[in-house]
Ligand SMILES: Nc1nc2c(ncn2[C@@H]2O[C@H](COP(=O)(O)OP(=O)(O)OP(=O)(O)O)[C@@H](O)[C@H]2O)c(=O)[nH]1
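For reference, the chain that follows is the form predicted on its own, supplied as structure tokens.
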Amino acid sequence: MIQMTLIQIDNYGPWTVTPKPRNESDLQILQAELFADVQRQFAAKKGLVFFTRFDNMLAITNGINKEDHFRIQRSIRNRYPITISMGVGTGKTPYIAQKLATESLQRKGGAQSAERKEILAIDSLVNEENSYVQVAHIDINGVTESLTDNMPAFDTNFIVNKAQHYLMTKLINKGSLLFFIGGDNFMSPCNGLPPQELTNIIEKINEEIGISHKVGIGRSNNAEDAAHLADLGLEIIRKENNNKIVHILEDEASKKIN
């Protein structure tokens, strides 16, 4: 089971224009600093946060309990002009887990409700013995040589976004999520997705739009270790310099559960 947390800024839209519209640069700085801060605090508990729309973030939070979530909320409240609410859910796939997390928070009030403040809505938490995280680190092949060093920057960005759209569309149908993590790299929480199905998706995308990828898959009982193993799996493919698409690494904690 994977545990997902939705992190949502309370009443953010109205706050950005009260008493008058705030400078866009200040808002961008606040969003960037908040993401870094939330990431740092969840990472201290072996969680991993992904930005979605910045006023909303999704995190893999296996092993992070109710009090841990409360502590992060209090820390943000004490140091920022805004507060955050959270919803927590679990499931056999990341999509189900984030869906339950979202619905649990939605039942407590709207994102722009002046009455909803610093809510922690927990649908469910993963038990330690059932905690399992499978993460894929997906890298586009040859972007630096073929695009970054030879094309205008925005054109390269467009192609990376195109690859992201295709990956996201195909992965969500399998219950997996996809997040851009910088450069030409993506990370996919993908519990319940067999490696061969991911390989098929990667091959299909190459056929459809001519963009090839390589993938490291990591498995553990927490997000930090799973993501690190995925990074190592990807590095093994790079060092071997072969045509392998997917390499899997798992630790002893995941073997006991899987």
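Residue positions are given as counts along the sequence shown, with the first one as 1. Here the structure is a predicted model, which means the values were calculated and not measured.
Form predicted together with this ligand: not shown, discussed below.
This chain lacks the partner; the member of 160, 168, 119, 181 within 4.5 angstroms of this ligand in the predicted complex by a non-hydrogen atom is 181.
Note on contacts: among 124, 112, 144, 130, the single residue with a heavy atom within 4.5 Å of this ligand in the predicted complex is 144. Interface membership of residue 140, defined by any non-hydrogen atom within 4.5 Å of this ligand in the predicted complex, is confirmed. At least one heavy atom of residue 185 is located within 4.5 Å of this ligand in the predicted complex. Using a 4.5 Å cutoff between non-hydrogen atoms, residue 45 does not count as a contact of this ligand in the predicted complex. This ligand in the predicted complex is not approached by residue 244, whose heavy atoms all lie more than 4.5 angstroms from it.
You can rule out all but one of 160-168, 100-108, 132-140, 77-85: in the predicted complex, only 132-140 has residues with a heavy atom within 4.5 Å of this ligand.
The single residue of 230-250 lying near this ligand in the predicted complex is 238, the criterion being any heavy atom within 4.5 Å.
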